[in-house]
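Next up is one chain by itself, shown in structure tokens, the form predicted on its own.
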Amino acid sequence: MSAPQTHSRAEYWKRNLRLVVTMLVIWFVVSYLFGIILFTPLNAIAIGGYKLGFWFAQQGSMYVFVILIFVYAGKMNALDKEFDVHED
């Protein structure tokens, strides 16, 4: 027999959805707000000779997206282990 569950399924999905929403909000802010809406004000800032708005529109949003993939995978693995639903 398995050990009694100390966490409920509802709590697992609540925390899972909170993580997904957080990742989507970060992605939205970086790709849409920084890359499109705030493009002009961010261009007033230059880092390494490149305007920040241009960098977010062309490169930054992709870098952040890849980082979000790894962060999400790591956090979901930790959450799965905490709720004992991880793969062996």
Partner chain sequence: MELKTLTFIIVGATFALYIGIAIWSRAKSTGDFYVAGKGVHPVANGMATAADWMSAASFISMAGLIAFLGYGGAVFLMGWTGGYVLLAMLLAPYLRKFGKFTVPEFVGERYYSQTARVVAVICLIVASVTYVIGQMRGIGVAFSRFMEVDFATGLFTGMGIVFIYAVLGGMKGITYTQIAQYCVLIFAYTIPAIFISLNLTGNPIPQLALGGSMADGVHLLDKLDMVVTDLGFKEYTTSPNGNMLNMLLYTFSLMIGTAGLPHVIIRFFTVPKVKDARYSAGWALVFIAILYTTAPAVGAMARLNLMNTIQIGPVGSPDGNVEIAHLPAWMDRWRTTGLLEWEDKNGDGRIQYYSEAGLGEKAAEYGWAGNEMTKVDRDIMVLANPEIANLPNWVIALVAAGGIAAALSTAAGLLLAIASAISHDLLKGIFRPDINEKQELLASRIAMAFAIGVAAYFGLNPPGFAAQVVALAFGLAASSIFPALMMGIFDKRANSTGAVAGMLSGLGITLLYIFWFKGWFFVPGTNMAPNSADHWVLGISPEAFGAVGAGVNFLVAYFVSRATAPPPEHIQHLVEDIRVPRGAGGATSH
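Positions refer to the first chain, counted from 1. Keep in mind it's a predicted model, so treat the numbers as computed, not measured.
Although not depicted, the form predicted in complex with the partner chain is the subject of the following passage.
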Using 4.5 Å between non-hydrogen atoms, is E82 touching the partner chain in the model of the complex?
no
Non-hydrogen atom contact R18 with the partner chain in the model of the complex at 4.5 angstroms:
no
I36: heavy atom within 4.5 Å of the partner chain in the model of the complex?
yes
Using heavy atoms and a 4.5 Å limit, would one call A57 a contact residue for the partner chain in the model of the complex?
yes
Members of 66-82 lying within 4.5 angstroms of the partner chain, judged by heavy atom, in the model of the complex:
V66, L68, I69, F70, Y72, A73, G74, M76, N77, D80
